[in-house]
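For reference, the chain that follows is the form predicted on its own, supplied as C-alpha cells.
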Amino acid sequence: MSFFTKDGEVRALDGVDFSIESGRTLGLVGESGCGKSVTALSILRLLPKHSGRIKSGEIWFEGTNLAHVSEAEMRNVRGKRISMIFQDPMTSLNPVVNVGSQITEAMHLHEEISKADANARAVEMLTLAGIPNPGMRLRQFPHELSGGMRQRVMIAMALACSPSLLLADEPTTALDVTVQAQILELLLDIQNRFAMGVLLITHDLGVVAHHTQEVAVMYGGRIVEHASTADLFRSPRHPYTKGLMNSIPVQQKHKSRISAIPGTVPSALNWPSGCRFRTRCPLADAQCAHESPALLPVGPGHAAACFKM
C-alpha cells in the first residue's frame, strides 16, 4: 500500500499478512509511523482517494476479497460487518450533531428500522457501553461529554449494527489510567458477548499483554514478528521486539530505568536496503544491508523476520 505525493511514492505497507478469528483479539504494535493505523484504514478502504492506493494483495473477509469489490459494496461493509473505533473521538464525532443521531445513522443506512426502534437500540448500546442516563445522552452533543464518555459513544456507534470485526485504533489514547482500564474491560466484555474478532492497535505493551491472544509487531510498514501473546512476551526473537520490551520502564532500587532504541525510524520515501531495521540494530551486518529477511517460523505459531535469531 502506497501514498503518492509530490516528493515521490511513500511505501506505507509492504507484505503485511495476518488473520483474525471470531472471538479473538490480535494486537498490532509498533512505534508511531510504522503503519498500524494505515493497516486498519486499508482494510476498510478509507485511504485518501487522490493519493492512497493498494497496489497489490488481497483483503479477505467472510469469503469476499474486499480489495476488489466496488465502492458501493464497501459502503455495505463499513459500519455493518466491520466497524472501527478511531483514535480521537473529538475529531471523529460530528460536533454539530447530537449523539443519538450519530449512533442511529449506521442503523438507518444498513437496516430498515423505524426512528423509534433505532433510538431504542441506541439507548441499549449506550447502556452496554456503560453510559449512565442514556436517554438524556442521546440529546447531548460531543462537547458536553468527557473524554471517556466520548470514547464510550464511539464504541456504541461501532457496535450499533453488530459487526463481525472491530478495528480499535488506540481506543484509550489521551484517557487517564482508570478510564483506560474501564474502556478495555468494556471492549473485552462486548467481544465475549458478540464473539467479534478484534484488531487492537496500540503502542502500549501493557495493554497488549492483558487484552490480546496474538501479537503482530510492525516496523517500517512490515510485520517483523508474529506470535501468541504469551510466547512473544516469554521469548521475543526479533531485535526490534526486544528493543520494545526493554523500553518498558523498570523500577530498580527506587530508580526508573529505560533503555531506548537508538536512532529514528527511516523515511518511508527511502527505506534502507535489506532489513529496514538494520540502521538501528546492534546485530546488523553486511547480509542485513543486502538482503531483506522473510517472516519465517521460529517455533510453533511463532514467526520472525531476522537473520540473527
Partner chain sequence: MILYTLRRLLAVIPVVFLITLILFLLIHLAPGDPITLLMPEDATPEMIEEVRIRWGLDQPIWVQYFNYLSLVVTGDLGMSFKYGDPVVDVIFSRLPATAELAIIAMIIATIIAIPLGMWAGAHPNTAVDYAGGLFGFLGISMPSFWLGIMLILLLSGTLNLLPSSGRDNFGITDAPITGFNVLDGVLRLNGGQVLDALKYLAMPALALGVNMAGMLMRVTRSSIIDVMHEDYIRTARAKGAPERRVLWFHGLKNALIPILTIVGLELGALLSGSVIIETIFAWPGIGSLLISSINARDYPLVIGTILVYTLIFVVINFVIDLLYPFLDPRVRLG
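Positions refer to the first chain, counted from 1. For clarity, every value in this text was computed on a predicted model and none was experimentally measured.
The form predicted together with the partner chain exists for this protein as well; it is not shown, and the discussion that follows is about that form.
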Contacting member of D231, D204, E105, E124, with respect to the partner chain in the predicted complex [4.5 Å, heavy atom]: E105
Looking at S235, S114, N192, T91, which is the one with a non-hydrogen atom within 4.5 Å of the partner chain in the predicted complex? T91
Suppose contact means a heavy atom within 4.5 Å; in the predicted complex, does that hold for all of G220, A286 and H302 with the partner chain? no
Thinking of the partner chain in the predicted complex, which stretch from 235 to 243, 150 to 158, 207 to 215, 194 to 202 has heavy atoms inside 4.5 Å of it? 150 to 158
Close approach of P134 to the partner chain in the predicted complex, 4.5 Å, heavy atom: no
Please check if K49 has a heavy atom lying within 4.5 Å of any heavy atom of the partner chain in the predicted complex. yes
Can G79 be called a contact residue for the partner chain in the predicted complex at 4.5 Å between heavy atoms? yes
Would you check, heavy atoms only and a 4.5 Å threshold, whether L41 touches the partner chain in the predicted complex? yes
Can you tell me which residues in 95 to 118 come within 4.5 angstroms of the partner chain in the predicted complex, by heavy atoms? P95, V96, V97, Q102, E105, A106, L109, H110
